[in-house]
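Heads up, the chain below is alone and in the form predicted alone; it's given as structure tokens.
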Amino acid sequence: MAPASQPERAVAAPKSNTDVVLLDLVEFVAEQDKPSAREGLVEIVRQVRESGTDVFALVDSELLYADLHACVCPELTGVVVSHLESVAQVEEADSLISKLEDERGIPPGTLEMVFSLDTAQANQDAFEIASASRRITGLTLGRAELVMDLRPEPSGEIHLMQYLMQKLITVAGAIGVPAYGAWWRTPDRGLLATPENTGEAALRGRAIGFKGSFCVLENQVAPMNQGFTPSAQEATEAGKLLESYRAAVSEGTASIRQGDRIIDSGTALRARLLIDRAAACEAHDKAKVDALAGRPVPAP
């Protein structure tokens, strides 16, 4: 994530090997700086996109008209919409994006939306909100605002945070989109976490079902990528497990025991998904390297 008011930081972000650059108009841009940040946003989007990196803009549902008019352009991949609390707000965002696509020569339905559920009300109505637009490609939680509604526990963690993460992953799975987030532990919130703590938060996040996460500092990108990418050892072990299961099935056995584990069709499917994800991550990483080097990147 890079503040839209700091173009030099945004343009340099792809060099950190990030998958997506999120241009922030909400969290790290002072109110008095937002008008000037909006004025130069399209040019920043274009410069970042030249590196081959996808570009999203973090926009505020309460300032939707100004923020979307500032960022929507053919080079933009999509928007992360914060402070959503109702289906009506989703419909308003979808309608305005459609209008801007038409006005700016963008194929209809191209721009994606990721919803940030920032309040107790938004999380209560998560499924209805997430189902209100065909543009949605992901869900995430807005931790800072949730503190205001739910209050932290004595440990510093947000009350009910584990429940909200699990609910988010469930809702995302029900509508068929990824859930984005990491399992941060006090005193970290991701903003100033060390690379080591970032990697651990990413590993915990992947273990419970998150598919990726946002981060703020350049030195957080590598551990975040590593935490969400299956290791070579994991892929190798999954391959061996899948091979054992297939051999058992060919002999007419529905499941087998390895040590204290039962390997059945569900276990085999998870192994297959891990292998596929590892291959997809490897291909994606190669594409990023090629794009930064100016080499042609094959179409997906």
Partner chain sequence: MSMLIRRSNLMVPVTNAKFAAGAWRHGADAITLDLEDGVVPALKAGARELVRDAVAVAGKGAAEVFVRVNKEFLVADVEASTWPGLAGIMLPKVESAEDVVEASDALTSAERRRGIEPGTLSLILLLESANAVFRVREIIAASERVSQVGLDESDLSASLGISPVAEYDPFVYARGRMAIEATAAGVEPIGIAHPLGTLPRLLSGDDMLKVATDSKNLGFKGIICPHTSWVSSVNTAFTPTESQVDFYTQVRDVFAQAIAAGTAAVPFAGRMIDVPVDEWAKVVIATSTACNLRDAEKQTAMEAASV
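Positions refer to the first chain, counted from 1. Quick caveat, the model's predicted, so the values are computed rather than measured.
The same protein has a further form, the form predicted together with the partner chain, not shown here; the description that follows concerns it.
Peer 1: Taking the partner chain in the predicted bound form as the reference, which of 208, 222, 120, 87 has a non-hydrogen atom within 4.5 Å?
Peer 2: In short, 208.
Peer 1: The partner chain isn't shown here, but in the predicted bound form which of 73, 136, 93, 169 has a heavy atom within 4.5 Å of it?
Peer 2: Selected residue: 169.
Peer 1: Suppose contact means a heavy atom within 4.5 Å; in the predicted bound form, does that hold for all of 252, 257 and 264 with the partner chain?
Peer 2: The answer is yes: all three residues contact the partner (heavy atom, 4.5 Å cut-off).
Peer 1: Hey, of 58-66, 31-39, 266-274, 44-52, which bit sits against the partner chain in the predicted bound form at 4.5 Å between non-hydrogen atoms?
Peer 2: Selected range: 266-274.
Peer 1: Verify the contact flag for residue 104: yes if a non-hydrogen atom of it lies within 4.5 Å of a non-hydrogen atom of the partner chain in the predicted bound form, no if not.
Peer 2: No, residue 104 is distant from the partner.
Peer 1: Taking heavy atoms and a 4.5 Å cut-off, does residue 99 contact the partner chain in the predicted bound form?
Peer 2: Residue 99: no contact with the partner chain in the predicted bound form.
Peer 1: According to a 4.5 angstroms non-hydrogen atom cut-off, is residue 173 in contact with the partner chain in the predicted bound form?
Peer 2: Heavy-atom contact with the partner chain at 4.5 Å: present for residue 173.
Peer 1: My question is simply whether residue 183 lines the interface with the partner chain in the predicted bound form - judged by any non-hydrogen atom within 4.5 Å.
Peer 2: Within the cut-off, so yes.
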